[in-house]
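Let's start with one chain on its own, the form predicted alone, as structure tokens.
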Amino acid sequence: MTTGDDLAALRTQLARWPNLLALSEVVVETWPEHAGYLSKSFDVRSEGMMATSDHVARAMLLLAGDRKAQVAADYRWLCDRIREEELEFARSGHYRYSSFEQTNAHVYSNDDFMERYMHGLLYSHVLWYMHASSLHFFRQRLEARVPRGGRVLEVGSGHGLLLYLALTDFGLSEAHGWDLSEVSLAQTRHALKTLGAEGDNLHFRIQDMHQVQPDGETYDLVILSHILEHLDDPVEALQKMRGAVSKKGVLFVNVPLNAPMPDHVILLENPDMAADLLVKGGFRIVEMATHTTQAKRISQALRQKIAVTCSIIAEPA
């Protein structure tokens, strides 16, 4: 099948999902060979997951604004960088870097790299099955667990998508974002404003998880999405964050397995290792799900060391 045929098939496949189609066309215009991959990614999604993906794709398009083509080019660039990391992982059996100090020196301090990296990750939220599945889990499994009108905190809120969904889908009334970078917080603030969520109910501050006091503020939903794998000591961070979860609140964690990325330092090889982090951090697991690359069987993904995301809902033990 030619790339033209792949694009035609993709348009037919996404006829009912206009935002996904618009986003996919932008990407395929930059990267025609990717059409087949995208079609396979969408083909294995449930009706509900397609609805979530289309809902979030609308936010993607708004956030990209008039830079849609550039973000698509950076998405392709990111996929190339990940292939480099996958080759290193296959060769060595471990991630390229093993400490935050190393990733800070080689990744976070490189402004041009980080801009492209964050752009590429934006589109991955709906184009990669693994990320789309974890977003759907977030929307489906948390709405009934958090009180409407409650408070949400996300550490490392990035593009602001999960805070946006918590405010709009779950009916939470107050959102807080923590980060170590004022630039990152400004990006989150701008993203939420672009998506129509702004006002006195949004609060951002520089805050290190390792410095959280046990008698500090509490939140009904605390989000640590793709954070723990970047830390030198994720168990200590979880222990510090335990007191930030309200008495009837929950913690939501996304953490990857066997997922080499330019800034990942903690290698988790199976779901038990992910669960063990939470238990050692002082939490009781309420629900856990795994999301594999292109919906592969979890046994196959683990055997072949293909990237998996673990989504965990937990409460203080």
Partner chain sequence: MDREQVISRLVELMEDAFDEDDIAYSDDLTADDIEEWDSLSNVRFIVSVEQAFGVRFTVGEIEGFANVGELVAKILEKLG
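Positions refer to the first chain, counted from 1. Not measured: the values here are computed from a predicted model.
This next part talks about the form predicted together with the partner chain, which is not shown.
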Contact stretch among 102 to 110, 89 to 97, 69 to 77, 224 to 232 - heavy atom within 4.5 Å of the partner chain in the predicted complex | 89 to 97
Quick one: of 298, 9, 306, 22, which gets a non-hydrogen atom within 4.5 angstroms of the partner chain in the predicted complex?
-> 306
Option touching the partner chain, based on a heavy atom within 4.5 Å in the predicted complex, out of 247, 205, 148, 83 = 83
Might residue 284 be said to contact the partner chain in the predicted complex, defining contact as any heavy atom within 4.5 Å?
-> no
Within 4.5 Å of the partner chain in the predicted complex, which residues of 13 to 45 have a heavy atom? Give them in sequence order, or say none.
-> 40
